[in-house]
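Below sits a lone chain in structure tokens, taken as the form predicted alone.
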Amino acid sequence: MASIIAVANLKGGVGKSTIAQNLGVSLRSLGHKVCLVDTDIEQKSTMEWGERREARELPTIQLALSTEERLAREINELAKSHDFVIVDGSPALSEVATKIMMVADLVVVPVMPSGNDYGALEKFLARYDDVKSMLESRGMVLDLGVVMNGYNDRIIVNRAVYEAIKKLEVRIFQTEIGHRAAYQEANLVGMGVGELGDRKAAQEIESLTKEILALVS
């Protein structure tokens, strides 16, 4: 049975699709059978990324588009035939976020270093705590980690937001994803940053992958 990793946040523009896509490519490069599930039926960012990937005849990563109604059933079915199911969460539909967490083993929460993102994280963590308590009452476990995205520790505001998040007593991945053009470029051509050849970005994704594998293995 696969490990189910949800990349989620109630706020848009934090890099959920970028993290999900690059994590999928990274795990695929390690020999794992991976499926990416796009839950944003309006934007379909990850589905479109997959189409660009297929056009380039790059190593196959299965993709699926799922609605709120079918989400749990489809993810559980995909988990039977994959090592990892990575769910690219939808930003606006909070009920979708709840349903994603209900079936996940690990929630990865990308956060940009801004005041607005900090406020959105607080709301998301409140939702996470509710879901986690519900699952624990059923003898199930749900883990979570925050990944700083677009982060630069030389910028005072970035450091201030990071310190504020630390006070929330939530796991923060040691890996920080920098503000790099390679992430946008890779998305536009259906690739991961490692396939694109950007060494620093590839090292970030490789490091994040190792941290995630340590939690779900």
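Each residue number is its position in the shown sequence, starting from 1. The structure displayed is predicted, hence computed values, not measured ones.
The same protein also has a form predicted in complex with a small molecule, omitted here; what follows describes it.
Shown alone, this chain has one stretch from 76-84, 142-150, 97-105, 129-137 that lies within 4.5 Å of the small molecule in the model of the complex by heavy atoms: 142-150. When you look in the model of the complex, the only residue of Ile61, Leu27, Val37, Ile177 with a non-hydrogen atom within 4.5 Å of the small molecule is Ile177. Although the partner is absent from this view, Leu23 stays clear of the small molecule in the model of the complex, with no non-hydrogen atom inside 4.5 angstroms. Contact between Gly12 and the small molecule in the model of the complex is found at the 4.5 Å heavy atom cutoff. The shortest heavy atom separation between Thr209 and the small molecule in the model of the complex exceeds 4.5 Å.
The closest non-hydrogen atom of Gln184 lies within 4.5 Å of the small molecule in the model of the complex.
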